[in-house]
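A single chain comes next, written as structure tokens; it is the form predicted alone.
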């Protein structure tokens, strides 16, 4: 009987999916078509024609940002072809007087930060009102204005004859969580610069605001350090073709800034550092077999003062290259086997009074690393292992949860926030793992605040992150594995959970949004059987 019930349930679900496919085939969703869902949106069926030759962006007279604001000026240039995807004629000048009744998007910004960088406290709230002949976009900051421009761009649609329309709409919007990240791993497979930049574009369409660049790891060290050039010349897969030069890094940071995205660099240690040792002799711990060195190496040697001198110099460079006020120090998955085998490390343990508890040795190392970054005026983010090993770290350190069953994750959230630390949740969104079928649903239904704790504790959960680890991912499959599955997490991190709890309601919206991503050149995989009016046109 139970098997029959499950079978009937699956059959009903498939029938519902087929119904939605047919519905999507014969209709176009014009209203409430913004992804992620705004906090408040109301639309009417009144619609207004948009003519690309009669369309302009302009600043309000009272806006703090005015022409010459590089961030918004470039956004206006970028969004025009995104809104009018088929329009190929030269764009008219902004102040041509022969326009008849132009549709104007008027942008008002309270606080101009046109040459700055987004940070952890940047406001992304905005208000958007669309009526006949005009859209009024008001935001506290340029970062909120960027989010409003993205929402407006998604409100515009075409009919079967290619005419552009926008419905009368009012939006009041802000993110639920301040940290909404995407992690890319560029060590296990090198990702060409164009793949990273394309991911940043897609992130902006989904309103993600943090690019967590897991730039180095055991397999390779592609970051080209000006202080220690041997790290990449000897540690990268190839010293010239598979590295990120200082110019490359600056380009990524600049591309991200223009889209309101922070770049969070991670240099994970003391583990995950095999590639470091190739270019920095003496950094890693020599492993022993009995009383003889085995010829292999383990984590960074925490017993050598030279290790901390090296790290201080490296992170002095890193913190000058990456402008964000946070830096990720890693601290996960440290294998103690090599440390245990090394007589010098054992002697250091005895000297420090650590006994045989090697978690105290890792604590000693990570505490030193956090202090190094604090001395460079940066706030550290570390993986949850640092907390689990009871390490003494400043209360402003951010903990990053990456592992555990649902129950263990809830317990970790409770414990970390009870201790007063801020938290980023990544464990439920390891989307490098793939399942056949509608696996976006499990990412969509995550409840980040579903743990035992006070309201004050839950305020310490500052956001979440989608992780794309690179064991089986390179530029050939990055985009389709990432999108639109990451979009499900994007809505969970931006939108009101009460308004976006139904996967049934989300499905047609996500199908529509996936088609929009395709038209913008993002290789987003399909959600189910069906088609897009404008299929992907190639790289």
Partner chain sequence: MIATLKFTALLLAVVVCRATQDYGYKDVEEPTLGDSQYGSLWPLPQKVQMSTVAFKLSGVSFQIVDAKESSSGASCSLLQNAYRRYDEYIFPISRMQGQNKKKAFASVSELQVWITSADSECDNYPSVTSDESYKLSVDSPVAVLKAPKVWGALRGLETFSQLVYEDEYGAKSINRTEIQDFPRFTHRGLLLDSSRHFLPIKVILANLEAMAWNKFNVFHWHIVDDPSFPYMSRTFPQLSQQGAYHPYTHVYTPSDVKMIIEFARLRGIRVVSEFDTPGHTQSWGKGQKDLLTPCYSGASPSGSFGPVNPILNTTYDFMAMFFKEVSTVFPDAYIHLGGDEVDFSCWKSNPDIQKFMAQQGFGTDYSKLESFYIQRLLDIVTTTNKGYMIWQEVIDNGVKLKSNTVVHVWMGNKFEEELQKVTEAGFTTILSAPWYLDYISYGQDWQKYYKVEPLSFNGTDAQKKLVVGGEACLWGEYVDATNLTPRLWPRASAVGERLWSDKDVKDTNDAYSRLIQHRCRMVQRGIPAEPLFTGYCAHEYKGV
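Because the structure is predicted, anything quoted here is derived from the model rather than measured. Residue numbers count along the first chain shown, from 1.
Here the subject shifts to the form predicted in complex with its partner chain, a form of this protein not shown in this document.
Let me know the one among 315, 402, 205, 164 whose heavy atoms come within 4.5 Å of its partner chain in the predicted bound form, would you? By the 4.5 Å heavy-atom cutoff, the listed residue in contact is 402.
Consider the chain as shown here, without its partner, and state which of 117, 348, 308, 469 has a heavy atom within 4.5 Å of its partner chain in the predicted bound form. Contact residue from the list: 469.
Joint contact, 76, 140 and 460 to its partner chain in the predicted bound form, by non-hydrogen atom at 4.5 Å: Contact check failed for every one of 76, 140 and 460.
Heavy atoms, 4.5 Å, its partner chain in the predicted bound form: which of 125-133, 189-197, 406-414, 140-148 makes the cut? Say which one. Selected range: 189-197.
Answer yes if any heavy atom of residue 50 is within 4.5 Å of a heavy atom of its partner chain in the predicted bound form; otherwise answer no. Looking in the predicted bound form, residue contacts with its partner chain do not include residue 50, since no heavy atom lies within 4.5 Å.
Does residue 328 reach its partner chain in the predicted bound form if we count a contact as any heavy atom within 4.5 Å? Heavy-atom contact with its partner chain at 4.5 Å: absent for residue 328.
Residue 480 near its partner chain in the predicted bound form, any heavy atom under 4.5 Å? Contact with its partner chain, yes.
Answer with yes or no whether residue 248 is in contact with its partner chain in the predicted bound form, where contact means some heavy atom within 4.5 Å. No - in the predicted bound form, heavy atoms of residue 248 and its partner chain never come within 4.5 Å of each other.
Could you list which residues of 421-458 come within 4.5 Å of its partner chain in the predicted bound form, counting heavy atoms only? Sequence-ordered list: 430, 432, 433, 434, 435, 436, 437, 438.
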